[in-house]
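In structure tokens, the next block holds one chain alone, the form predicted on its own.
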């Protein structure tokens, strides 16, 4: 059978659903938004009637993530990272270990805190390798940022065996994996702090939005203060209005009541959404079976991963690229994570450019920045170049799953068997 990329008929011509929480937006979100609009209370801290949506949303996020967890809602996933770093006291002279495979927001948050990003290799989980982290720890390492990509999991047990003896804080970037678990624990609750995202592509979406989670009361209070101008005003509640820390210079990263109302609806669907993606992924992968010349992405806990992507590593990059292109031609979106490139390949990161002409933190005379260059993390670069990801949506029907199976089988028969 001729592949579509070679002029044949594609398996599918109608677009597949690609969203997560966004695929489920509907009447309940509309009603929640109208409820807030009718109240006139759009700001989370005061209004014509007492606002309640963001505070309630924080309580519901905290309850979802387990006993003792506190939540602080903020304006984006990047804001959640920035707020967490501020709560941890990360600043100039510090280093933060970041995986070489992540979205650029992870790096931006570190740079905007005044700290230096130090890149470490990922392994077949597409998450930080504990051995690689051990190799880059220094006396200036203040935090390590494991990133749980695409509803997958970093091997946190191995990572904590490295960070805890070193006294280094762990901030879990859980932007892409809200609700997923690792051996029964929600991601974001295993380290010192977690940062969640509610951007359009995420499991729970409010268009933009984020949440900081932690079991540490003092960190939660500092986070609540930072996102509201540093705690200068008695507007804090939820995370601790009555016991705010001494004020400091902060930022305005607050979530609105409209977003909070939408988030509450979406949050109520989260576990069901994850189950839908897991079921669709299981249907597809069981039908496809093992493909010659490929190795599946590794999950430290296959039961707890969120099911939003099927990842596989090919024996060589050229085959991976052609396989992904052939799948796209068949009507099934596929590709390498981040175009097959590490995050430090982003020009602004590679060239260490900031909005400041002085270029801080890269130009600090006391703590000079290392030069960044391609080849810094060869294992990561190799894995990304050989990786193909196929997305899975909670909106997939059985027929959608079967189309994915047919497309993968067609391309595999032509290229791998």
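Fair warning: this is a prediction, and the values are worked out from it, not measured in the lab. Positions refer to the first chain, counted from 1.
Separately, the form predicted together with a small molecule exists; it is not shown, and the next lines address it.
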Original post:
Looking at the partner-bound form in the model of the complex, is residue 313 within 4.5 Å of the small molecule by any heavy atom?
Top reply: no
Subject >> Partner contact for residue 106 in the model of the complex: the small molecule, 4.5 angstroms, heavy atom >> reply: yes
Subject >> Distance check, residue 81 to the small molecule in the model of the complex, heavy atom within 4.5 Å >> reply: yes
Original post:
Applying a 4.5 Å heavy atom distance criterion, does residue 344 contact the small molecule in the model of the complex?
Top reply: no
Original post:
Which of 259, 102, 266, 113 has a heavy atom within 4.5 Å of the small molecule in the model of the complex?
Top reply: 102
Subject >> Listed residue (119, 338, 299, 323) with a non-hydrogen atom within 4.5 angstroms of the small molecule in the model of the complex >> reply: 338
Original post:
Taking 281, 308 and 397 as a possible spot, do all three reach the small molecule in the model of the complex with a heavy atom inside 4.5 Å?
Top reply: no
Original post:
Exactly one stretch in 182 to 190, 69 to 77, 248 to 256, 283 to 291 has heavy atoms within 4.5 Å of the small molecule in the model of the complex; which is it?
Top reply: 69 to 77
